[in-house]
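Shown here is one chain on its own, the form predicted alone, set out as structure tokens.
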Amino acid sequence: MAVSSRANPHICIVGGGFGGLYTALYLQKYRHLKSSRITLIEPDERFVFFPMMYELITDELKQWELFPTYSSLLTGTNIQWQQDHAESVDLSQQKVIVSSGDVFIYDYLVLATGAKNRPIDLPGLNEHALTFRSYQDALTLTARLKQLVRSQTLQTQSDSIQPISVVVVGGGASGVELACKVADYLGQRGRISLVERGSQLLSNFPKGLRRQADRALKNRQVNVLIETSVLAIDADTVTLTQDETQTTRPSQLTLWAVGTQPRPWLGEQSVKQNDYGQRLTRRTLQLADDESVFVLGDSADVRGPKGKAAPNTAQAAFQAASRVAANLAAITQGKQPKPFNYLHLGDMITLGIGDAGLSSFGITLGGRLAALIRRGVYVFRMPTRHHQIKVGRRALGELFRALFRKRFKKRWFKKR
């Protein structure tokens, strides 16, 4: 049964990632919600466009493209950004309490609190490994890579110059993408190892995409270690075990790309959750325990008509945000909300500079064409039309310059 309509409702959204921010932006499409109050509670200053964060390593994309500020994205909307942490949610009183002590009374609540790195009891992990999920993570990694290159450059000719050793832990999409980008950034100066505990890389991806990844890693001379576990991480080494054999591998930079888990439930009242800590939802994305609350993204257990769970990906969050906004628009007009049906459009991963893998509806592409398609799709998916145009204009400018240089080079050689 639909929640009864309310005039000029207050819609409170907790979390400014793909689920939360895009829900707020999609709400702008509905004319009758223009006079409503929309509050976005998000502590960070900048939105993170995670799928293309890897391009920052190789300077293919700039910080302003990948990490636009919320203030710039929300200009001209009726969305009020509250830069604060949501501390707790009281479902019975319909209120959200933030760190500053402010209280927000809501008519409808959207929870998109996302995921965090999964805590693992591994010696040296927190002290010596870098993660790659946030704006600060990206800045830290790029600074560390530059520092390593400078240190290597300063070695005198009398020294035996050693390659920069990098170990990437995790053979999922993030680990493969990191390994390829770091390999391209370092070139011959680096020696990259990719460690995966399972029997293959990209285990949840189509076979064609796995082949593209294998090709890219081989071309970049990345040493892939499968069925290998990490025992400990030190400042300049990683201890591994494979087939009950323990080895120590040099690592001046260890990147941790293994596993996440949903952020804890903020509610003062308990709600139904699955074994992974995700909140159970109805097919309309409303909380199973409270129809005035919507949950989406990594923190939600969202099921299709046959009971299959939607993946915890940006693609699923895009689609879920659109459905949440449409259901809020319907409910506030006294209409029935509709079920969310996730449609898997395919998979895309970057495999280095000007290289990518793409699999969609049985078609697999790799190389430069896949990289161009991937970049175009993600530019179109960036928040707000204004930001899309800014990023797209620079991408087209780069493409035209590259084509001009290629054409000029051909003419020059013909004249010679």
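Predicted, not measured: the structure shown is a model, and the values here were computed from it. Start at 1 with the first residue shown and count on from there.
Beyond what is shown, the protein has a form predicted together with a small molecule; the following relates to that form.
Contact with the small molecule in the model of the complex, judged by any heavy atom within 4.5 Å, is made by just one of 326, 314, 79, 224: 314.
Residue in contact with the small molecule in the model of the complex (any heavy atom within 4.5 Å), chosen from 144, 220, 197, 133: 133.
Residues placing heavy atoms within 4.5 Å of the small molecule in the model of the complex fall in a single listed stretch, namely 289-297, out of 208-216, 146-154, 289-297, 160-168. Contact annotation for residue 174: at least one heavy atom lies within 4.5 Å of the small molecule in the model of the complex. Not displayed here, the small molecule is approached by residue 51 to within 4.5 Å at the level of heavy atoms in the model of the complex.
The closest non-hydrogen atom of residue 84 lies within 4.5 Å of the small molecule in the model of the complex. Contact check for residue 41: a non-hydrogen atom falls within 4.5 Å of the small molecule in the model of the complex.
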